[in-house]
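Just the one chain here, laid out as structure tokens, in the form predicted alone.
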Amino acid sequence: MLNKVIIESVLTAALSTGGDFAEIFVEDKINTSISMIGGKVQNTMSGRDFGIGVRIFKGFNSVYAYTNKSDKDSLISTALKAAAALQGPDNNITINLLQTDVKNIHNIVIDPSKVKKTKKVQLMRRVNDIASNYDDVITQVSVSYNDNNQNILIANSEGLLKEDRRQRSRMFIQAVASKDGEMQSGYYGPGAMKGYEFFENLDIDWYAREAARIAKTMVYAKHCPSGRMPVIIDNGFGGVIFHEACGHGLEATSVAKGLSVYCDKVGKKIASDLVTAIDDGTIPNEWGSINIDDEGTPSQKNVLIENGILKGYMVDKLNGRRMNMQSTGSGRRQSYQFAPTSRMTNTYIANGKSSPEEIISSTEKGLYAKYMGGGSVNTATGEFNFAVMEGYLVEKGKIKEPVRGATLIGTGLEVLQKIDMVGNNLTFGQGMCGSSSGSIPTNVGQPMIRVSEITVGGRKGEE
């Protein structure tokens, strides 16, 4: 992607004012996206993004610059402009790059760029038709399709030189149900680090029906009562609570600055004995997986919490310096326009020993959150507020009538400590996670869990 001699010259220029580490990141990305509303294509876009980023460290300080130009003079100029922010003598570091192969754990069968757009649109129309015809109460269906192929090169002044390819595919389905002037929506967004074979092997009809079913169920549901109560959170995307309320607090991005409730807690009990939480970027073909991170470090399986004990953090190179810790393969970025920092990959609560039937049958009264929606989190305190997309009341060990408008309110530490049952049905849900280094694909996951008590926001007086 870039000549080795040019890379060495750029890295040398980057260190000319006293920097002690320099890195170059090259990205060549081809993206295809199609959006459809009501069976009609609204927008289709195919494009190529190319750019190069240069990053320099001096102690705990970092400077980042990027350009779309790949000629030697432009790249050296970019490196020198970045280096100008650091003042000091030339370190005279000799750079000898050694290219090493990256082990690819993601088998891609069908290159999406070889598949005609008309075929992709036909698949989207099928999804639209299935969701639209689910029930007369469904008034609008939107479908979006995306595939992207990202090729990267990473080199640094320590001699690292690696190249990698990432192919991802995803479809997002949203159905809206309307009744008596009120609207409710249901959505699903399956995705994977795969080619077009992902769609050919996916039961896409089920996802279309499920999005419509959620919308219909919720538009007929009564309002959720409020108060403190046990809450059962189902598997898959239910893991978004751990991702947001706890996962971000375990990223070195916040820990190194003292902005996390989990600072200085390694080796201490922060959760129920039943909780083991993991961030694992090495799972083949999963949405959040990577062969190497965006700093060239191999991805790895990081046990964050084990049987309630905090074992470690997700660490990138710069914050690793600040914390005197090695990188955990967690340095990620949206594109060459962002400097990397510590981010999640596939983050989940591991399987427990209870069956979903046992968890439900042992709950006298509470809320069953089948599907979670969006929310907000204060990473410094762990305080969160999450919407329940599809919820049900639980009475005497049975799932009863659906309820809408429920929100879960609490803190990450509170939830971790009050998990009193963990199921054995781990699955993942796909999402895009936004932070200081941009928006990146991440998986959230968990088996069904029960939180013994949590504040549920709803309507007072509803029964």
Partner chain sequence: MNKSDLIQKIFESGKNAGMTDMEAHISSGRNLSLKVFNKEIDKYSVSESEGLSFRGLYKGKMGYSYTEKVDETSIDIIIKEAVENAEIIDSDDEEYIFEGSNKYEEVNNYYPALEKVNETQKIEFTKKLEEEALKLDSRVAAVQECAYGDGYGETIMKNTKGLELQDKNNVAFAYIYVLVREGEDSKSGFSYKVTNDFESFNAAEMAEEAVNEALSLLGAKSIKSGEYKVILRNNTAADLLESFAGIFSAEKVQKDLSLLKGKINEEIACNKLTIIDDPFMKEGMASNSFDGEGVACKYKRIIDKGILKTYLHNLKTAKKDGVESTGNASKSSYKASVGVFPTNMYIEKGDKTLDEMISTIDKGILIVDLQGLHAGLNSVSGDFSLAASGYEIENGKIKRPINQITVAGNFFEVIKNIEEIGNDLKFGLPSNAYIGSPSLKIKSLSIAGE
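For clarity, every value in this text was computed on a predicted model and none was experimentally measured. Positions refer to the first chain, counted from 1.
As for the form predicted in complex with its partner chain, it is not shown, yet the points below apply to it.
Among 427, 70, 424, 417, the residue placing a heavy atom within 4.5 Å of its partner chain in the model of the complex is 70. Taking 85, 303, 153, 274 one by one, only a single residue has any non-hydrogen atom within 4.5 Å of its partner chain in the model of the complex, and it is 85. Stretch 373 to 381 is the contacting one of 163 to 171, 291 to 299, 373 to 381, 305 to 313, since its residues have non-hydrogen atoms within 4.5 Å of its partner chain in the model of the complex. In the model of the complex, at least one heavy atom of residue 337 sits within 4.5 Å of its partner chain. Though the partner is left out of this view, residue 63 does reach within 4.5 Å of its partner chain in the model of the complex, counting heavy atoms only.
With a 4.5 Å cutoff on heavy atoms, residue 399 does not count as touching its partner chain in the model of the complex; it lies far away. Its partner chain in the model of the complex comes within 4.5 Å of a heavy atom belonging to residue 227. Residues 189, 193 and 327 are none of them found to lie within 4.5 Å of its partner chain in the model of the complex, as judged by heavy atom distances. For the partner-free chain shown, 117, 118, 121 of 95 to 124 come within 4.5 angstroms of its partner chain in the model of the complex, judged by any non-hydrogen atom.
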